[in-house]
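Structure 1 and structure 2 below are two forms of the same protein chain, each written out on its own as structure tokens.
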Structure 1
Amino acid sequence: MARHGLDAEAKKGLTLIAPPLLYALAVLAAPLLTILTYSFLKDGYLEVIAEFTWGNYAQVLTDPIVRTIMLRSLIVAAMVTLVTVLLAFPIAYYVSFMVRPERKSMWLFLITIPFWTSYLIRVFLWKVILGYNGVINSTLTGLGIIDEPLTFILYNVNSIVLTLAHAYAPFAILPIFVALEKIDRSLLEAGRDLGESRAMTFWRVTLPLAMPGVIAATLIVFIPTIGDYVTPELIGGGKIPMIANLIQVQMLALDNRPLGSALAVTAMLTVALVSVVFLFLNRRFLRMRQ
């Protein structure tokens, strides 16, 4: 009877799990397997030839243009992540430690306001702000600070970093805030009672305990920004392509789906490798601090 009851419970569990599992396979595994399969096939004129080849990956690894764009994507994503996390931490710290408990929900509500509009609209707004006749240039010209509109504030790496940092700021603030909220305040009081200054208490107690949130924020920002397509296209003016723009060109403009798929798989593996290295270095850092 007990065995029969366990089997019945197992069947019920499988029944509950099956729909989301099938959905996950349909929306995640199937597209990834399709891209992986295409990456090992040959490209023909307006068609894909079902013949196995390593040529796509050989071209990806040996093409200097691909290496340059991949390196640029990594650098831009790292800059965006660094700027976003460094700006997000003080905000999260202020909301967690300085704001009264009954007002924290209002602050979190304000932080999530950018999500009310689509990502594309926010990118367009930054283009308007940074444009030749945009808000910044119009203001500086109107105040007499400059005679001619500035041309270097748009269509460059700095404008891309600024736009992406603003777009992904809530993704960094929220996990750091959650990690700070979990810190036992009595530990901070104990550090102060032992004669530690506020700065040393932050460095030895608060920061290590908040590192899970910092790590989560870093990965949440880094992974999507390296594959961003819209911002380099609009804010960069198409002059500073990143890996997603190169994949788009191969997939759609040149109709070379095998090479585009190989680029996508290579980008995913690169992101995974960088993320694993970051986690390893962070773990070593925390061990050295203990």
Structure 2
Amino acid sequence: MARHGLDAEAKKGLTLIAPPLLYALAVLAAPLLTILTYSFLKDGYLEVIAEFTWGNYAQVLTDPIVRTIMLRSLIVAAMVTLVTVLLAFPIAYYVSFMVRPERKSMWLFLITIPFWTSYLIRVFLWKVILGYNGVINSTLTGLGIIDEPLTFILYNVNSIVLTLAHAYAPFAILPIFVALEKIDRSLLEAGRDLGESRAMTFWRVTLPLAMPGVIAATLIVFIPTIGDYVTPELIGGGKIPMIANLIQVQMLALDNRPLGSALAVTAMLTVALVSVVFLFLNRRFLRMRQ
């Protein structure tokens, strides 16, 4: 009887959440559980044999090709994240601290517009810019700076990093901007008042307070980047695959669903692990602020 009030509210809440929850269970949780199950089963020709094995994971961890691709995905994602966040911070800082309040939303609008245009076409356009007869090469040859088109700028990891850094730029700017906006401006004046230089105030006050935004930006960029499928296909020319391409090849082209599933689960675990580390860092920063 004592819990009567709480139960009525809980019932209403659960009734309301039921449709989206059931949908997520059916379309998300069930498929994820399926591939988790598959990842422990054996692969037969054109079918999956219902027999438990660690073999798929052993293969994921030991196969040199898989390892190379996994490592490449991690490195590319880490580089993209680093480049994107480093490039984004000054922009977020500029919009938050230097732009007049009434013009801030216009700047944010300008920053987000490119993000809403076709991802595929944006990625492809980097190929146009970087390609053999691309904008850079034809400009440089036209100006007589080089005789032969540069070949090192396309079909390699650098071009993948550049393309992805461009694609996820707004994702990094917005969380940092939000964190910077939340900083009480009088704290900075207090820092200055207590005799710190502008640079030291930035280092000791602004940057720590902006850290949750930076960490959020890092996660938001890292997660989709590590699973990107399109850029390695288009920019890498299919010759430098990343984890997503490998999963697709195993699942469909080679029809090895258990191994594909094990790869997908490993990728998810990697993402989860990185997220947990960063969320932990974020919590540390939040605790420091109290």
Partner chain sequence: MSQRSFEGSGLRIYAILYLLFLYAPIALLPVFAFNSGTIIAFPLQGFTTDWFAQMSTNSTLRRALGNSLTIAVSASILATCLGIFAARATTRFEFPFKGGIMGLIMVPMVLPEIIVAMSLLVVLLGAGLQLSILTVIAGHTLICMPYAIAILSTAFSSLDKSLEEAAYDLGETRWGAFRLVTLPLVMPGIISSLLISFTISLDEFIIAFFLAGNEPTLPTYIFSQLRFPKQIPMIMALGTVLVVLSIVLLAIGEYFRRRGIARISGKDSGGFQ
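Bear in mind the structure is a predicted one, so any value in this text is a computation, not a measurement. One-based numbering along structure 1's sequence throughout. Each form is matched to the other, and the largest set of C-alpha atoms that superpose within 1.5 Å is called the rigid core.
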Legend entry - Label of the structure corresponding to the form predicted together with the partner chain: 2
Inset, instruction - Verify the C-alpha shift of V249 between structures 1 and 2: is it 2 Å or more after superposing the core? - result: no
Inset, instruction - Take the rigid core as the frame of reference and indicate whether the C-alpha of A26 shifts by 2 Å or more between structures 1 and 2. - result: yes
Legend entry - Per-residue C-alpha deviation between structures 1 and 2 [S275; rigid core superposition; Å]: 3.0
